[in-house]
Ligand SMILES: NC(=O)c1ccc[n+]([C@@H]2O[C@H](COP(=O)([O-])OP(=O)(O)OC[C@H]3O[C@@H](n4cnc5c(N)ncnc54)[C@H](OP(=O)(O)O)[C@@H]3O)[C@@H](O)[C@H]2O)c1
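Before any questions on how it binds or moves, here is one chain, the form predicted alone, in structure tokens.
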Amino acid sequence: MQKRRRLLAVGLGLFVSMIFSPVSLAADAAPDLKPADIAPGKVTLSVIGAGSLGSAVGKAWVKAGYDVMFASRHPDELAPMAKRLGDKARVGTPKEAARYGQVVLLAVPYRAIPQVSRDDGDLLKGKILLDATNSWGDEQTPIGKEAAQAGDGVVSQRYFKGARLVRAFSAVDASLINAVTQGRHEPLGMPLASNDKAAMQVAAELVKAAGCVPVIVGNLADGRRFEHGNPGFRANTTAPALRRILDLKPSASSQ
């Protein structure tokens, strides 16, 4: 009887996966992905951590015409949302999402980064990883203490050494991304930071796809300027105003 129940559970999981996932979940790494490649139908996107922020950004991408996989440890709970969004949306496990997306948005609690790195880090090597995590609230965890010394983005890159990591979508409210997508709020200035300039330009295109305006701040160490406790965090304002807050020259940011 127990064996039969296990087989039924496995079968149900495969059924959900077949409905909401593509036949092939594998995606090539993106060492040569360019801004011109970031168009609906040309690139696959994944969201690992489909909470308020991940869902908001993923929904904006689906609305813009992109194929997006939403992932959590309980993908069946995301199935109703994916069904409402239509055939551009699908659900999967974090491992499936790490395989599927050429660009992956990481929107998990900061304390979960070591686990995601252990489980799926190899699958993210060579891919563009948009890091929307924040150590705020996890300051007393081992990784939170590490981030307090070096900065969130610098530490994230340590855990995902092979990924082309860009700090993106980490400093704005999810509710405002929803409002922008629905036309109820003016476009937000979105601060970006990365040690990979080409990956940052790709990220800038996906920021635009979500209805926001990219503001390039600098490398991952510079990303501290829009972490919790610093002026750029939750500024929730326009790109020109954000550049003034961060004292950036116009030529240092995306227009």
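Fair warning: this is a prediction, and the values are worked out from it, not measured in the lab. From 1 onward, residues are counted along the sequence shown.
Only in words, not in the display: the form predicted together with the named molecule, which the text now covers.
S.K.: So which of A82, L123, A132, V154 gets a non-hydrogen atom within 4.5 Å of the named molecule in the model of the complex?
M.R.: Checked against the cut-off, the match is A132.
S.K.: To verify the annotation, which of these, V43, A60, A204, L53, has a non-hydrogen atom within 4.5 Å of the named molecule in the model of the complex?
M.R.: The residue from V43, A60, A204, L53 that makes the contact is L53.
S.K.: Would all three of P35, T181 and K208 be in contact with the named molecule in the model of the complex, where contact means some heavy atom lies within 4.5 Å?
M.R.: No residue of the spot touches the named molecule in the model of the complex.
S.K.: At 4.5 Å between heavy atoms, only one of the stretches 158-166, 100-108, 142-150, 82-90 reaches the named molecule in the model of the complex; which one is it?
M.R.: Of the options given, it is 100-108.
S.K.: Quick one: does V172 come within 4.5 Å of the named molecule in the model of the complex, counting heavy atoms only?
M.R.: Yes, V172 lies within 4.5 Å of the named molecule in the model of the complex.
S.K.: At 4.5 Å between heavy atoms, is P214 in contact with the named molecule in the model of the complex?
M.R.: Contact with the named molecule, no.
S.K.: At a 4.5 angstroms cut-off on non-hydrogen atoms, which residues of 59-92 are near the named molecule in the model of the complex? List them in order.
M.R.: Counting only heavy atoms within 4.5 Å of the named molecule in the model of the complex, the contacting residues of 59-92 are S72, R73, H74.
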